[in-house]
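To begin, one chain is listed below as structure tokens, in the form predicted alone.
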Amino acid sequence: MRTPAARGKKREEEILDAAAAVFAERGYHGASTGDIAARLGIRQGSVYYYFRSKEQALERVCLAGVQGFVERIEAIAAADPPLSEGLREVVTGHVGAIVARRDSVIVFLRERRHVPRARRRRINTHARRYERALEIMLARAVTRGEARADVDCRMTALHLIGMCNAAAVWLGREPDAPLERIVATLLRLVLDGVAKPVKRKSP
């Protein structure tokens, strides 16, 4: 039997998931706490037991959208694996988290600008830490000779994050796109590119 604390935690997670779904579907300005309550079939006042306002609900959803991302990539960077292995772990974890909590990630990407500036700074700190950890991994790969010397680590990190995040938009519309295929395709793009090597004519 669940304890009252466990039941309360479970209910809070359900309301947070409902808020994420509503914000992802309608956007922050198009949604209301009444919409969140209606999604769960509860009274609107019950929502305020967990969130003081729609604004706070948005902040909590945005934080849920990045939960675990930073800790995971910083642990990978600290382990300092070879480039191909490290990127596989990063991409698998990133896209896997999107599959697990797509609504929260979509809200983080699209709606966090509506969180008040002071609290938005806290949310954006997570994004910057993630970018920095990936940039460090790429820079180490250049130093070790695993990546080309002319690689722009900052731009490559941002592009890779953008490609991973894009999966949140089209997941579900591609019937034959399991996680393994998505990860494999992204890694091929980053590590091998798409163009065939140009054969040079012998002099």
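Don't overthink the numbering: it's just position in the shown sequence, from 1. Everything quoted here is computed from the prediction, not taken from an experiment.
The same protein also exists as the form predicted in complex with another copy of the chain; that form is not shown, yet it is the one meant from here on.
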Pick from Gly68, Gly145, Gly45, Gly172: which residue has any heavy atom within 4.5 angstroms of another copy of the chain in the predicted bound form? Gly145
Contact with another copy of the chain in the predicted bound form for Arg52, defined as at least one heavy atom pair within 4.5 Å: yes or no? no
Check Thr156 for me: does it contact another copy of the chain in the predicted bound form (non-hydrogen atoms, 4.5 angstroms)? yes
Classify Arg122 as contacting or not contacting another copy of the chain in the predicted bound form by the rule of any non-hydrogen atom within 4.5 angstroms, answering yes or no. no
is_contact(Leu16, another copy of the chain) in the predicted bound form, heavy atom dist at most 4.5 Å: no
Across 19 to 37, which residues bring a heavy atom to within 4.5 Å of another copy of the chain in the predicted bound form? Ala24, Glu25, Arg26, Gly27, His29, Gly30
